[in-house]
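Below, in C-alpha coordinates: the form predicted alone, a single chain.
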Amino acid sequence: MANRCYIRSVAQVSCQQPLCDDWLSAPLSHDGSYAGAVEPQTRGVISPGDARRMGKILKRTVCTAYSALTSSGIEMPDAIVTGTGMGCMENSEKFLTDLVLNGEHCLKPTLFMQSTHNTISSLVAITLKCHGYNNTYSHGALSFDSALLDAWLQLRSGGIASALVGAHDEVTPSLARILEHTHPEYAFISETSMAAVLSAEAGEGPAVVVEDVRMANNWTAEDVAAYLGDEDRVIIAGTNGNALNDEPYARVLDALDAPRTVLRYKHVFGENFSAPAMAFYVGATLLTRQAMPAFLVEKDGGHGAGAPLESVTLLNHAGLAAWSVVRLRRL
(Lines give C-alpha, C1' and ligand atoms only; values in the text may rest on other atoms or scores of the structure.)
Protein backbone atom coordinates (compact mmCIF):
# COMPACT_ATOMS: atom_id res chain seq x y z
CA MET A 1 0.00 0.00 0.00
CA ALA A 2 1.87 3.03 -1.29
CA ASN A 3 -0.79 5.73 -1.21
CA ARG A 4 -1.65 7.84 1.77
CA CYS A 5 -5.24 8.49 2.79
CA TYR A 6 -5.74 12.20 3.41
CA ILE A 7 -8.74 13.70 5.19
CA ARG A 8 -9.71 16.57 2.92
CA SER A 9 -12.75 17.71 4.92
CA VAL A 10 -15.34 16.71 7.50
CA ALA A 11 -18.88 17.96 8.21
CA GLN A 12 -21.45 17.14 10.86
CA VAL A 13 -25.09 17.51 11.84
CA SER A 14 -25.74 16.57 15.45
CA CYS A 15 -27.17 17.99 18.65
CA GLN A 16 -24.59 20.77 18.27
CA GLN A 17 -24.81 23.64 15.78
CA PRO A 18 -24.84 22.01 12.33
CA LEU A 19 -22.23 22.25 9.57
CA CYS A 20 -19.77 24.23 11.68
CA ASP A 21 -17.27 23.87 14.53
CA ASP A 22 -18.92 26.26 17.00
CA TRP A 23 -18.97 23.47 19.59
CA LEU A 24 -15.20 23.91 20.06
CA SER A 25 -15.73 27.23 21.83
CA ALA A 26 -19.42 27.20 22.76
CA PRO A 27 -20.86 23.68 23.02
CA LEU A 28 -24.61 23.40 23.44
CA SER A 29 -25.74 21.66 26.62
CA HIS A 30 -28.78 19.41 26.81
CA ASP A 31 -30.84 18.26 29.78
CA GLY A 32 -32.23 14.76 29.99
CA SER A 33 -31.16 11.50 28.38
CA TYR A 34 -32.18 12.33 24.79
CA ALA A 35 -31.80 15.25 22.40
CA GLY A 36 -32.53 15.38 18.69
CA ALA A 37 -30.27 16.92 16.07
CA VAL A 38 -30.22 20.63 15.27
CA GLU A 39 -31.54 20.68 11.72
CA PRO A 40 -29.40 22.33 9.01
CA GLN A 41 -30.62 24.99 6.60
CA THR A 42 -31.41 23.15 3.33
CA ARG A 43 -32.09 26.21 1.18
CA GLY A 44 -29.61 26.38 -1.67
CA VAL A 45 -28.71 22.71 -1.26
CA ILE A 46 -32.01 20.87 -1.69
CA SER A 47 -34.91 22.17 -3.76
CA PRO A 48 -38.19 22.75 -1.86
CA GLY A 49 -39.89 20.06 -3.91
CA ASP A 50 -37.27 17.44 -3.14
CA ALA A 51 -37.10 18.50 0.52
CA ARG A 52 -40.82 17.80 0.98
CA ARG A 53 -40.27 14.20 -0.08
CA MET A 54 -37.20 13.62 2.11
CA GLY A 55 -37.10 12.46 5.69
CA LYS A 56 -34.90 14.29 8.18
CA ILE A 57 -31.99 11.85 7.93
CA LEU A 58 -31.89 12.19 4.14
CA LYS A 59 -31.79 15.99 4.35
CA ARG A 60 -28.96 15.79 6.87
CA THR A 61 -27.09 13.34 4.66
CA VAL A 62 -27.28 15.55 1.58
CA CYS A 63 -26.29 18.66 3.57
CA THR A 64 -23.25 17.04 5.20
CA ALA A 65 -22.18 15.50 1.89
CA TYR A 66 -22.39 18.82 0.02
CA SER A 67 -20.65 20.67 2.84
CA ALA A 68 -17.78 18.17 2.95
CA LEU A 69 -17.38 18.06 -0.83
CA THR A 70 -17.45 21.86 -1.15
CA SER A 71 -14.78 22.24 1.54
CA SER A 72 -12.62 19.52 0.00
CA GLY A 73 -12.52 20.95 -3.50
CA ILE A 74 -13.53 17.56 -4.92
CA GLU A 75 -16.73 17.75 -6.94
CA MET A 76 -17.21 14.06 -7.71
CA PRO A 77 -15.86 11.29 -5.46
CA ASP A 78 -14.84 7.95 -6.95
CA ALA A 79 -16.75 6.11 -4.23
CA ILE A 80 -19.50 6.66 -1.68
CA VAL A 81 -19.31 4.45 1.40
CA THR A 82 -21.82 4.80 4.22
CA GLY A 83 -22.37 3.32 7.65
CA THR A 84 -25.73 3.30 9.44
CA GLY A 85 -27.03 1.25 12.29
CA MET A 86 -30.78 1.75 11.85
CA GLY A 87 -31.18 3.49 8.50
CA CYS A 88 -34.22 5.69 7.86
CA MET A 89 -36.07 5.08 11.13
CA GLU A 90 -38.60 7.90 10.81
CA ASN A 91 -39.85 6.67 7.43
CA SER A 92 -39.78 3.07 8.62
CA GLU A 93 -41.98 3.95 11.58
CA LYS A 94 -44.43 5.90 9.40
CA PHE A 95 -44.65 3.07 6.85
CA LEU A 96 -45.25 0.41 9.52
CA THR A 97 -47.83 2.60 11.26
CA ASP A 98 -49.73 3.04 7.98
CA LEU A 99 -49.49 -0.71 7.40
CA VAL A 100 -51.07 -1.41 10.80
CA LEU A 101 -53.81 1.21 10.36
CA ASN A 102 -54.63 0.62 6.69
CA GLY A 103 -53.48 -2.91 6.02
CA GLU A 104 -52.03 -3.15 2.52
CA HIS A 105 -54.28 -0.43 1.13
CA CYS A 106 -53.39 3.22 0.41
CA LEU A 107 -49.76 2.88 1.48
CA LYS A 108 -47.40 5.69 0.48
CA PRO A 109 -44.71 4.31 -1.88
CA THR A 110 -42.27 7.10 -0.97
CA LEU A 111 -42.13 5.95 2.65
CA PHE A 112 -41.36 2.41 1.51
CA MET A 113 -38.68 3.47 -0.98
CA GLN A 114 -37.01 5.72 1.58
CA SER A 115 -37.10 3.30 4.51
CA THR A 116 -34.21 0.97 3.67
CA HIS A 117 -30.67 1.30 4.99
CA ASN A 118 -29.01 1.76 1.59
CA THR A 119 -31.41 4.59 0.66
CA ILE A 120 -28.99 6.98 2.37
CA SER A 121 -25.94 6.21 0.25
CA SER A 122 -28.03 5.80 -2.90
CA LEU A 123 -29.66 9.21 -2.52
CA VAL A 124 -26.27 10.92 -2.30
CA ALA A 125 -25.17 9.12 -5.47
CA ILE A 126 -28.37 10.10 -7.30
CA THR A 127 -28.06 13.71 -6.15
CA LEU A 128 -24.42 13.94 -7.23
CA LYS A 129 -24.97 11.78 -10.35
CA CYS A 130 -22.10 9.63 -9.09
CA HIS A 131 -21.92 6.25 -10.84
CA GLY A 132 -18.91 4.91 -8.94
CA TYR A 133 -18.57 2.35 -6.17
CA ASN A 134 -21.43 2.62 -3.66
CA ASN A 135 -21.77 0.54 -0.53
CA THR A 136 -23.57 0.63 2.82
CA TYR A 137 -22.52 -1.08 6.05
CA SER A 138 -24.99 -1.79 8.83
CA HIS A 139 -22.91 -3.38 11.57
CA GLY A 140 -24.29 -1.75 14.69
CA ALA A 141 -21.76 0.42 16.49
CA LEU A 142 -19.06 -0.69 14.04
CA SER A 143 -20.94 0.54 10.95
CA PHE A 144 -18.78 3.63 10.45
CA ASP A 145 -15.55 1.78 11.18
CA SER A 146 -16.49 -0.80 8.53
CA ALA A 147 -17.20 1.92 5.95
CA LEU A 148 -13.95 3.69 6.81
CA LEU A 149 -11.94 0.47 6.52
CA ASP A 150 -13.44 -0.20 3.08
CA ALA A 151 -12.58 3.25 1.73
CA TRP A 152 -9.15 3.29 3.42
CA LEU A 153 -8.12 -0.03 1.86
CA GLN A 154 -9.25 1.04 -1.61
CA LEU A 155 -7.45 4.39 -1.37
CA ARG A 156 -4.24 2.88 -0.03
CA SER A 157 -4.20 0.19 -2.72
CA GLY A 158 -4.82 2.68 -5.53
CA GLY A 159 -8.26 1.33 -6.46
CA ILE A 160 -9.82 4.77 -6.08
CA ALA A 161 -8.50 8.32 -5.73
CA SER A 162 -11.23 9.78 -3.52
CA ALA A 163 -14.16 8.68 -1.38
CA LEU A 164 -17.09 10.26 0.41
CA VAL A 165 -17.39 8.34 3.67
CA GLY A 166 -20.25 8.98 6.06
CA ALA A 167 -22.26 7.67 8.97
CA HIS A 168 -25.87 8.59 9.62
CA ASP A 169 -28.40 7.57 12.25
CA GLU A 170 -31.61 9.24 13.34
CA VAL A 171 -33.21 8.50 16.69
CA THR A 172 -36.93 9.15 16.92
CA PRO A 173 -38.51 9.65 20.37
CA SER A 174 -39.98 6.14 20.25
CA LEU A 175 -36.62 4.63 19.28
CA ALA A 176 -34.95 6.59 22.08
CA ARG A 177 -37.30 4.96 24.59
CA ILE A 178 -36.48 1.53 23.17
CA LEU A 179 -32.72 2.19 23.27
CA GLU A 180 -32.94 3.22 26.92
CA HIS A 181 -34.18 -0.29 27.70
CA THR A 182 -32.15 -2.34 25.21
CA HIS A 183 -28.87 -0.46 25.68
CA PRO A 184 -28.47 0.26 29.39
CA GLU A 185 -24.83 1.19 28.71
CA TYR A 186 -25.95 4.41 26.98
CA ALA A 187 -25.90 7.69 28.91
CA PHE A 188 -27.06 10.44 26.52
CA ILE A 189 -28.83 9.49 23.29
CA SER A 190 -28.80 11.76 20.25
CA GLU A 191 -28.54 11.75 16.46
CA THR A 192 -25.54 11.73 14.11
CA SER A 193 -24.84 12.66 10.52
CA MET A 194 -21.18 12.93 9.56
CA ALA A 195 -19.51 13.07 6.16
CA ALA A 196 -15.80 13.04 5.35
CA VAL A 197 -13.97 13.32 2.04
CA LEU A 198 -10.88 11.12 1.83
CA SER A 199 -8.34 11.41 -0.95
CA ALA A 200 -5.05 9.95 -2.10
CA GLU A 201 -3.80 13.52 -2.59
CA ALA A 202 -3.43 16.26 0.00
CA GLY A 203 -5.50 19.39 -0.39
CA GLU A 204 -4.79 22.93 0.68
CA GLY A 205 -4.17 23.62 4.34
CA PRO A 206 -3.02 21.23 7.08
CA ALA A 207 -2.50 17.63 5.97
CA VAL A 208 -4.18 15.04 8.20
CA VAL A 209 -3.99 11.39 7.21
CA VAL A 210 -5.76 8.20 8.25
CA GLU A 211 -2.67 6.24 9.18
CA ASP A 212 -4.23 2.99 10.32
CA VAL A 213 -7.63 1.30 10.61
CA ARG A 214 -7.84 -1.95 12.54
CA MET A 215 -10.91 -3.96 13.52
CA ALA A 216 -11.06 -7.15 15.58
CA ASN A 217 -13.96 -9.25 16.84
CA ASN A 218 -12.12 -11.32 19.43
CA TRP A 219 -9.75 -8.98 21.24
CA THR A 220 -9.40 -8.82 24.99
CA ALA A 221 -8.49 -5.57 26.74
CA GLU A 222 -4.92 -6.88 26.97
CA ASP A 223 -4.86 -7.48 23.19
CA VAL A 224 -5.95 -3.89 22.57
CA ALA A 225 -3.35 -2.54 25.00
CA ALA A 226 -0.64 -4.61 23.31
CA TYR A 227 -1.63 -3.18 19.91
CA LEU A 228 -1.39 0.42 21.14
CA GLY A 229 2.16 1.73 20.90
CA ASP A 230 4.18 4.60 22.32
CA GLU A 231 2.90 6.85 19.52
CA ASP A 232 -0.67 6.54 20.78
CA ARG A 233 -0.28 9.31 23.36
CA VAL A 234 -3.69 10.96 22.85
CA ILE A 235 -6.69 8.61 22.76
CA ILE A 236 -10.27 9.57 21.90
CA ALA A 237 -12.31 6.90 23.66
CA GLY A 238 -16.01 6.09 23.51
CA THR A 239 -16.52 6.64 27.24
CA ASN A 240 -19.78 8.20 28.36
CA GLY A 241 -19.75 8.15 32.17
CA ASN A 242 -21.81 4.95 32.40
CA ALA A 243 -19.86 2.15 34.13
CA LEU A 244 -21.45 -0.49 31.89
CA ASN A 245 -19.98 1.26 28.84
CA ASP A 246 -16.72 2.53 30.32
CA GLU A 247 -15.42 -0.63 32.01
CA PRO A 248 -13.80 -2.17 28.86
CA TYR A 249 -12.01 1.12 28.14
CA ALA A 250 -10.79 1.31 31.74
CA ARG A 251 -9.30 -2.19 31.46
CA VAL A 252 -7.42 -1.20 28.30
CA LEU A 253 -6.04 1.99 29.85
CA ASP A 254 -5.03 0.14 33.03
CA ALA A 255 -3.12 -2.40 30.94
CA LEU A 256 -1.02 0.27 29.18
CA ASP A 257 2.55 0.71 30.34
CA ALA A 258 2.43 4.51 30.43
CA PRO A 259 -0.19 7.22 31.12
CA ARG A 260 -2.14 8.47 28.11
CA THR A 261 -4.21 11.57 27.58
CA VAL A 262 -7.81 10.42 27.14
CA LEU A 263 -10.43 12.56 25.43
CA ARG A 264 -14.18 11.95 25.37
CA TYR A 265 -16.89 13.20 23.00
CA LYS A 266 -20.17 11.43 23.71
CA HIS A 267 -21.17 13.91 26.43
CA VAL A 268 -21.10 16.58 23.68
CA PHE A 269 -22.51 14.67 20.68
CA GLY A 270 -24.53 11.89 22.26
CA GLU A 271 -24.83 8.17 21.69
CA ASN A 272 -26.21 6.10 18.82
CA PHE A 273 -24.92 3.46 16.43
CA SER A 274 -23.10 6.10 14.34
CA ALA A 275 -21.55 7.90 17.32
CA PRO A 276 -18.01 6.59 16.52
CA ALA A 277 -18.13 8.74 13.38
CA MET A 278 -18.15 11.78 15.63
CA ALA A 279 -14.90 10.60 17.21
CA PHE A 280 -13.41 10.67 13.71
CA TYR A 281 -14.83 14.14 13.13
CA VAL A 282 -13.52 15.39 16.49
CA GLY A 283 -10.07 13.89 15.90
CA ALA A 284 -9.73 15.40 12.42
CA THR A 285 -10.97 18.78 13.67
CA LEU A 286 -8.59 18.87 16.64
CA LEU A 287 -5.59 17.96 14.48
CA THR A 288 -6.49 20.55 11.86
CA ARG A 289 -7.13 23.35 14.34
CA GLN A 290 -4.45 22.27 16.83
CA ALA A 291 -6.95 22.61 19.67
CA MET A 292 -7.77 20.48 22.71
CA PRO A 293 -10.68 22.01 24.65
CA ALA A 294 -10.63 21.27 28.37
CA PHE A 295 -14.21 19.94 28.33
CA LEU A 296 -13.04 17.03 26.15
CA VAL A 297 -10.20 15.96 28.46
CA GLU A 298 -11.21 13.03 30.64
CA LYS A 299 -7.71 12.07 31.77
CA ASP A 300 -4.59 14.21 31.52
CA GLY A 301 -1.66 12.00 30.58
CA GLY A 302 0.90 14.77 30.49
CA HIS A 303 0.22 16.29 27.07
CA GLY A 304 0.86 19.99 27.61
CA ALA A 305 -1.91 22.45 26.80
CA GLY A 306 0.33 24.31 24.36
CA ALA A 307 2.13 21.27 22.95
CA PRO A 308 1.60 20.42 19.26
CA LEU A 309 -1.05 17.79 18.66
CA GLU A 310 0.60 15.39 16.24
CA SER A 311 -1.73 12.40 16.31
CA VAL A 312 -4.86 10.98 17.92
CA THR A 313 -6.00 7.38 18.28
CA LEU A 314 -9.70 6.58 18.13
CA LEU A 315 -10.72 3.66 20.33
CA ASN A 316 -14.19 2.14 19.91
CA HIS A 317 -15.68 -0.86 21.68
CA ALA A 318 -18.86 -2.65 20.63
CA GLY A 319 -20.39 -5.87 21.84
CA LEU A 320 -18.52 -8.49 23.83
CA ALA A 321 -15.06 -8.33 22.26
CA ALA A 322 -15.37 -6.18 19.13
CA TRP A 323 -12.91 -3.29 18.92
CA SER A 324 -11.72 -0.79 16.38
CA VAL A 325 -8.55 1.31 16.46
CA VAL A 326 -8.15 4.24 14.06
CA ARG A 327 -5.00 6.37 13.99
CA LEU A 328 -5.07 9.92 12.60
CA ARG A 329 -1.88 11.92 12.14
CA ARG A 330 -1.03 15.47 11.12
CA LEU A 331 1.91 15.64 8.73
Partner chain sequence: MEELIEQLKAQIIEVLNLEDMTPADIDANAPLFGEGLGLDSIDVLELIVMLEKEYGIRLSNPAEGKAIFASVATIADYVSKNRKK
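Positions refer to the first chain, counted from 1. None of the values given here were measured: they were computed from a predicted structure.
Same protein, other form: the form predicted together with its partner chain, not shown, and the subject of what follows.
Distance check, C106 to its partner chain in the predicted complex, heavy atom within 4.5 Å: Result yes; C106 sits at the interface with its partner chain in the predicted complex.
Contact label in the predicted complex: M113 to its partner chain, heavy atom within 4.5 Å: It does: once its partner chain is placed as it appears in the predicted complex, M113 has a heavy atom within 4.5 Å of it.
Any non-hydrogen atom of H30 within 4.5 angstroms of its partner chain in the predicted complex: Looking in the predicted complex, residue contacts with its partner chain do not include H30, since no heavy atom lies within 4.5 Å.
Contact of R53 with its partner chain in the predicted complex (heavy atom, 4.5 Å): Close contact exists here: in the predicted complex, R53 approaches its partner chain to within 4.5 Å, heavy atoms only.
Option touching its partner chain, based on a heavy atom within 4.5 Å in the predicted complex, out of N242, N118, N102, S157: For this set of options, the contacting one is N102.
Candidate stretches 273-281, 286-294, 45-53, 64-72 - the one whose heavy atoms come within 4.5 Å of its partner chain in the predicted complex: Careful reading of the contacts points to 45-53.
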